[in-house]
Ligand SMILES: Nc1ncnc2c1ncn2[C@@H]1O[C@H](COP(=O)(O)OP(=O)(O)OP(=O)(O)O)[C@@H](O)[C@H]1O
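The chain below stands alone and is given in structure tokens; this is the form predicted on its own.
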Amino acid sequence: MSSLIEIEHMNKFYGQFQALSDINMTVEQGEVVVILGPSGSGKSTLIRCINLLEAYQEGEIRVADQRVENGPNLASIRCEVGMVFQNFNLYPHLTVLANVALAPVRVRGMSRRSANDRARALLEKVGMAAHADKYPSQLSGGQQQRVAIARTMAMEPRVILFDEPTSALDPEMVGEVLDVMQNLARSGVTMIVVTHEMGFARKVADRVIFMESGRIIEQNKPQEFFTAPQEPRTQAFLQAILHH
């Protein structure tokens, strides 16, 4: 069985600077993969290459057996690969409900009524049904991020990429977003999560990947990764994070 996402010998440059070096990874249907690493290690760049928000120069990325490249199939690949950003990216002039219902109408051609029904069900799922008629500016950061997750789910993507989804939040709001993500993971959604939340990685991930300097240094199941890291750089990172 081929994997949902396959990355082979992928390299990414900014001019002379190599941001990602020889990245090889696969993600299976229903798997939750958490990517950890110090700032500047290439984590966000890696996941942004998967839906071509960032162009890569060498190697290959495939999503559901389609090559990710500029061309006629890019729009259909982007429908399969949802993304939740650090700072929500909601449309300020639209209500919460309209934010969630917009893409299915525009991109998937769903009727407005069906899209609204769907949006309400998803808002229910992320605990935001009561706020459907509010505007983003009336919500807390944690609430906005939960709406952003519902909006991503509205397109029924095959995989959702999370780019540090809690790093712009006040500490007391982090939990409510992680709870929603944990429920998603339990429901079988394929997820790749770039985060600094070690508790989430330990509890929810099927596999943890550690990156440094644009390379994948180590990957393992959370239990082994946190209790018996193999690489000295992983050990140093975990020591710094877990004991500060």
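Every value quoted in this text rests on a predicted model; they were computed, and no experiment measured them. Residues carry their position along the shown sequence, with the first being 1.
If you look for the form predicted together with the named molecule, you will not find it shown, but the lines that follow are about it.
Take the named molecule as it sits in the model of the complex, overlay the site C-alphas onto this chain, and none of its atoms lands within 2.4 Å of the backbone or a C-beta, so the site here is open. Residue contact check for Gly30: none of its heavy atoms lie within 4.5 Å of the named molecule in the model of the complex.
A residue is said to contact a partner when one of its heavy atoms sits within 4.5 Å of a partner heavy atom; Gly59 fails this definition for the named molecule in the model of the complex, lying far away. The named molecule in the model of the complex is approached by His196, whose closest heavy atom lies within 4.5 angstroms of it.
For Ser39, a non-hydrogen atom is located within 4.5 Å of the named molecule in the model of the complex, even though that partner is not displayed. Judged by heavy atoms within 4.5 Å of the named molecule in the model of the complex, the contact stretch among the candidates 42-50, 64-72, 174-182, 199-207 is 42-50.
Although the named molecule is not shown here, in the model of the complex the stretch 5-30 places heavy atoms of Tyr14, Phe17, Ala19 within 4.5 Å of it, in sequence order.
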